[in-house]
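A single chain comes next, written as structure tokens; it is the form predicted on its own.
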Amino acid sequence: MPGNHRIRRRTFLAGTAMLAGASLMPGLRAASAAETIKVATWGGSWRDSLDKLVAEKVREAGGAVDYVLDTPQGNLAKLVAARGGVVPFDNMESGLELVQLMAADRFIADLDYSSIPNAAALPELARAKNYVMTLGSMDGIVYNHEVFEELGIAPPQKYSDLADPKLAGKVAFPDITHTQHWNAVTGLAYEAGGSEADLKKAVPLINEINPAYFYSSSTDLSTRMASGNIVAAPWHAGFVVRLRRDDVPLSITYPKFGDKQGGLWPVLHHIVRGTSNVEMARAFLNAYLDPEVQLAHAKATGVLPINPEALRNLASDPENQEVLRLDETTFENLFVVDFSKVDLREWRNAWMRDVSRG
């Protein structure tokens, strides 16, 4: 985590007691039928789940929700383009790599936690000045276990295993615009004796993998995985859960990062600075943090809820049990990229200049 908000993994499980009876309604009752907020988020099944579980609470209270669907980087570009004008959306989901930039340029607002009562149940370090951690993906290597068995390839234990010649033309790798990019390149840097401070060490290993394509959309990768055009990629466990429902034979392994195993990617939620719909934006975020909503969204999408009660209850869900590592050490043992060590400009230059394509 940036600054003083680095994740201490035990706090995810230890969080403070849930605010008894925390109501969604104080902010929501202020909504009128004419009030619409725009939420910048991902597309596909993620957006569908948000709309079913979170936005429905807003609609029940008389408001409306629209979506701006893009990567966090793409949505940040929209904020930059709108600088000085009307903001293009009111709420935004992002990742750790963007927080310092957005805060420095004041794209995101400081949060008034007295108006977000469901946040009281969260671990303290999930509540930062200008974001709340709502959920987290468990990152690893997703692979088609039937194809691997047919090819006589053992399940991948480290990211560089994707360089196996038998996988030529069948491996995808996350583009720098995709959230799963960061754990993948950091894992490769660790394999090469580096760390977040020296991501360039990952470049030769990425070139050895020689990905068939660099994905910027999980929706697109889902289609290619389901068709068998791609059979392995650094990705997150949620898509194993989701695609298994359509009988796609996927599994996931969790590579090591030093003494940690598997990567955690925190999903961050912001209210955009300059929104004219502050009350509705807070109401949407408060609904998102309701423990029942958190549990249902996590079950639907295969991610980890930040609400402690929801996290405990997820451990009894059969679909997620088989894919996620859910026990009292879940968060303690997951790796989190420390972006205070990452030179973003240097890495972007190396990514564009030194990584082979085609």
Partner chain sequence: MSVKRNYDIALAIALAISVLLFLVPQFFFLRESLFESLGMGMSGDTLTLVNYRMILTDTYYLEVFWRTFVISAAGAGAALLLGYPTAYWLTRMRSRFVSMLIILLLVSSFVSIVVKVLGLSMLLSSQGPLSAIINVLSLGQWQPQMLHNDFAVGVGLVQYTLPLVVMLLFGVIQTIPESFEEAAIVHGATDWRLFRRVILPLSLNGVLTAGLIAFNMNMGAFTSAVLLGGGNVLTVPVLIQQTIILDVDYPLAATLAVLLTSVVLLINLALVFLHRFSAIRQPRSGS
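Numbering follows the first chain given and starts at 1. The structure displayed is predicted, hence computed values, not measured ones.
In what follows, reference is made to the form predicted in complex with its partner chain, a form of this protein that is not presented.
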{"item": "Partner-facing stretch of 126 to 134, 188 to 196, 244 to 252, 78 to 86, counted where any non-hydrogen atom is within 4.5 angstroms of its partner chain in the predicted bound form", "value": "78 to 86"}
{"item": "Heavy atom within 4.5 Å of its partner chain in the predicted bound form - residue from V203, A212, A119, L111", "value": "A212"}
{"item": "One residue of V278, A163, L101, L151 in contact with its partner chain, assessed in the predicted bound form (non-hydrogen atom, 4.5 angstroms)", "value": "L101"}
{"item": "Every residue of R47, L69 and S316 near its partner chain in the predicted bound form, heavy atom within 4.5 Å", "value": "no"}
{"item": "Partner proximity in the predicted bound form: R224 to its partner chain, non-hydrogen atom cutoff 4.5 Å", "value": "yes"}
{"item": "Heavy atom of E93 within 4.5 Å of its partner chain in the predicted bound form", "value": "no"}
{"item": "Contact flag, T177 vs its partner chain in the predicted bound form, heavy atom cut 4.5 Å", "value": "yes"}
{"item": "Contact flag, N144 vs its partner chain in the predicted bound form, heavy atom cut 4.5 Å", "value": "no"}
{"item": "Any residue of 338 to 352 that, in the predicted bound form, places a heavy atom within 4.5 Å of its partner chain", "value": "R348, M352"}
